[in-house]
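Next up: a single chain in structure tokens, the form predicted alone.
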Amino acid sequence: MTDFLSVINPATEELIKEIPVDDEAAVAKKAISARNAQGAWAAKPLSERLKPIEAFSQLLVQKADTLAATMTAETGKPISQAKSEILATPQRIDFFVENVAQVMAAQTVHHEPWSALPGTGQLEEILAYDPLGVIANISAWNYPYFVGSNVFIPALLTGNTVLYKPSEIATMTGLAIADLLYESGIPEDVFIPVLGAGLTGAALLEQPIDGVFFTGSYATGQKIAIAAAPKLIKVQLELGGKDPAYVCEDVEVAIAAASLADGAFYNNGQSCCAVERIYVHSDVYDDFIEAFLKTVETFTLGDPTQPDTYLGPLSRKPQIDVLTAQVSDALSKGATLRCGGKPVDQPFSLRGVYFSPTVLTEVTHDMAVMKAETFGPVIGIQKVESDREAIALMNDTDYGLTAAVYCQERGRATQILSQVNSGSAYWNCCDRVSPKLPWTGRGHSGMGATLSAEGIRTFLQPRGWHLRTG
């Protein structure tokens, strides 16, 4: 009997669609197809792999409205933010297209007359690269176009085939991505969707794959690493974060507050690099809180299909319990609730999974809200007396994804950030990603890197050539 995945609209809690799930046999069959197709795909000239990727990029722009509506329906992401993600994805694709040839190019690293044995000739040593082979791409729901394309675009360009498992929360979007790739000219056995939830992902890991690239929670990432370890294959994990920001005493308070409020609440705080804790120097603490709250008051919470909505529903209903528990814990230990703090009593004609934007002050690291990943519209703001105290608190975490400092002097910011264990460092900005820089985490935030030249090279394996002539 075929199992089905129920796609639920989180804004209305209504059933959108039921999609058949791939069982173990179906996953194994797809893995064989990807393996059989990989050699021919890798043998194509790079120019022939580039053409469909460039066409895919153009189709994203042409069909952005329809694609955004699908994403909003199944994830609850506000339509303006969904469309922004889709329209920004081609910029990342452009980076891969423009740089893949250089990264893949073979390099002569040594050349000299042959002298090891009698006779004449030359010795040449060449560093070259081959694709990994068959890639398992277990993707995420919060930014399905960004997160997915960070993996499958460079994987395809470098000659790999891809078994693409979209998140069960963004399955329709995953299928839309596949359809666009096929329309662009990618063969159906080169990019293959694998549909389902945890059991499907586990079945995928049982296949003879050559690499697994996962974006999601630390707990699931750890299980994937354990499952993949006996295979001795490439494992790359983009996991959670507890991203800190420090506001120094010399800032333009209103500017810093507006930036950090957006960094904390954009996409309902459901961003990998969302700001999850803020430390503010005591000299500007009260002014910052006032400015921060004024910004939060301007955020419109409501129907995600409306263009002026800033906060839609949570994508996952169980997250309400996580957020409620963190707020309750903080209040029981002396925090002050400045706004929000609970699920929303609907002021509009929807009955979905909504949680009010929440600001807690007078928080400490005895509270879960400052230590455990939140992944929702809840932020704790703590007063500090010095840079030294801020650095110690910023490092008081198992995660290491991003960290931000707001201050006037670049030297001061870099001196502080160089002491914070994070994969990305921000001065007077936050919650941003560039295709030119590696996206990487430390500690429980993962291992490996996407984006940048590192995010292309990660899909390649080196080969050393020792060539003697004569």
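Being a predicted model, the structure only gives us computed values, none of them experimental. Each residue number is its position in the shown sequence, starting from 1.
The same protein also has a form predicted in complex with nicotinamide-adenine-dinucleotide (NAD), omitted here; what follows describes it.
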{"property": "In the predicted complex, the residue from 327, 272, 71, 134 that sits within 4.5 Å of nicotinamide-adenine-dinucleotide (NAD) by heavy atoms", "result": "272"}
{"property": "The single option of 279, 266, 141, 96 touching nicotinamide-adenine-dinucleotide (NAD) in the predicted complex, heavy atom within 4.5 Å", "result": "141"}
{"property": "Option from 105-113, 329-337, 368-376, 390-398 whose residues, in the predicted complex, bring a heavy atom within 4.5 Å of nicotinamide-adenine-dinucleotide (NAD)", "result": "368-376"}
{"property": "Residue 168: touches nicotinamide-adenine-dinucleotide (NAD) in the predicted complex, heavy atom cutoff 4.5 angstroms", "result": "yes"}
{"property": "Distance check, residue 320 to nicotinamide-adenine-dinucleotide (NAD) in the predicted complex, heavy atom within 4.5 Å", "result": "no"}
{"property": "4.5 Å heavy atom contact, residue 302 and nicotinamide-adenine-dinucleotide (NAD) in the predicted complex", "result": "no"}
{"property": "is_contact(residue 223, nicotinamide-adenine-dinucleotide (NAD)) in the predicted complex, heavy atom dist at most 4.5 Å", "result": "yes"}
{"property": "Three-residue site 147, 197 and 214 fully in contact with nicotinamide-adenine-dinucleotide (NAD) in the predicted complex at 4.5 Å by heavy atom", "result": "yes"}
{"property": "Partner contacts for 238-261, taking nicotinamide-adenine-dinucleotide (NAD) in the predicted complex and a 4.5 Å heavy atom cut-off", "result": "238, 239, 240, 241"}
